[in-house]
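Encoded as structure tokens, the following chain is the form predicted alone, with no partner shown.
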């Protein structure tokens, strides 16, 4: 249940601090191990997210897309559908509108980097991660409820 809640939180926050995690999981008695586990989950969520971004950016380039501004992510696009299916499998929540913007910006950042040949450098994704981390939004208050997931059922 906590994993499902964490996946849903990813729509708002890709880089949560441990303080944020503690606020939104009030039913957990935090210690070093379970804090590390939650942080690891978000790391895994980001890894899946960024793999999809790189894949779709490379696909756009191979299809002849010329500028990042030509990349648009609609609510019915394949990339958006793949992400929603991964983080919100049972459509428990309505995806926040800003998430589409974050996805589009991430895709454009990957496109720019790959098109510019930055992907030949060792740590080419780090600059992208910094941009995306600034796009985190506040998680809605209702996520703090200890019976949050039961409310969704």
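Residue numbers count along the first chain shown, from 1. Being a predicted model, the structure only gives us computed values, none of them experimental.
One more form of this protein exists, namely the form predicted in complex with the DNA; it is left out here, but the text below deals with it.
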(Q) in the predicted bound form, is there a heavy atom of the DNA that lies within 4.5 Å of any heavy atom of residue 66, even though the partner is absent here? (A) no
(Q) So, residue 86 and the DNA: in the predicted bound form, are they within 4.5 Å at any heavy atom pair? (A) yes
Q | Heavy atom of residue 152 within 4.5 Å of the DNA in the predicted bound form | A | no
(Q) Since only the chain is shown here, I'm wondering whether residue 40 would be in contact with the DNA in the predicted bound form (any heavy atom pair within 4.5 Å). (A) yes
Q) Among the candidate residues 46, 118, 58, 100, which is the single one with a non-hydrogen atom no more than 4.5 Å from the DNA in the predicted bound form? A) 46
(Q) Each of 15, 18 and 126 within 4.5 Å of the DNA in the predicted bound form, by any heavy atom, yes or no? (A) yes
